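First comes one chain, alone, set out as structure tokens in the form predicted alone.
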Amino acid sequence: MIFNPDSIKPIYIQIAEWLETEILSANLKEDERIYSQYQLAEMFNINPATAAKGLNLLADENIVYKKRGLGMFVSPHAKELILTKRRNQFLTQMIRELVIEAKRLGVSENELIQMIEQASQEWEGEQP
């Protein structure tokens, strides 16, 4: 099973994320037709309306586009859109948690910035 029905994350979001991963993995390519809501419903034993909601979420984000009467297709630059979205979500969450923990530990904003700059310089020094 690709999704967790016990997760707090809604199934339609899990379906959308699975499709994004399929695009990132090149299992679905630009301008290639993707699964219909009925195919997804059958594949994962879910309601077609739930599958449609996941597909529409991707369409709203321009990751897929609709061709009337033909279905949905992977948008050009979908991979870049997904990477940008996931980077932003991941980094925003990580930074939020970092700031909260720094405040708990009494680390000032300037100290935190200095620590980040130092870590960045150390990382750059480790690169070939």
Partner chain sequence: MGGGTAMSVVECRNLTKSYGKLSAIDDLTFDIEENKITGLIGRNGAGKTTLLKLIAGYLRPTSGELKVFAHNPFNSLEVSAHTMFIDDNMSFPNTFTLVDILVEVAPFYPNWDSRLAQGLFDYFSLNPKQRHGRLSKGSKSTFNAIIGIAARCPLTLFDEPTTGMDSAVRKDFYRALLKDYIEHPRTVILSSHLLGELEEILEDILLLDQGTKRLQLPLIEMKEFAIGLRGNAQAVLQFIEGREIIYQEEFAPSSLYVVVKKDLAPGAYDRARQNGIESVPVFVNDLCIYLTGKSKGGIDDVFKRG
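Positions refer to the first chain, counted from 1. Remember, it's a predicted structure, so these values are computed and weren't measured experimentally.
Form predicted in complex with its partner chain: not shown, discussed below.
Here is the short version: of 82, 28, 41, 57, the single residue with a heavy atom within 4.5 Å of its partner chain in the model of the complex is 41. Shown alone here, residue 47 lies within 4.5 Å of its partner chain in the model of the complex, counting heavy atoms only.
Put simply, residue 37 is close to its partner chain in the model of the complex: some heavy atom of it is within 4.5 Å.
Contact annotation: residue 96 falls within 4.5 Å of its partner chain in the model of the complex, judged by heavy atom distances. At the 4.5 Å threshold, heavy atoms of residue 100 reach its partner chain in the model of the complex.
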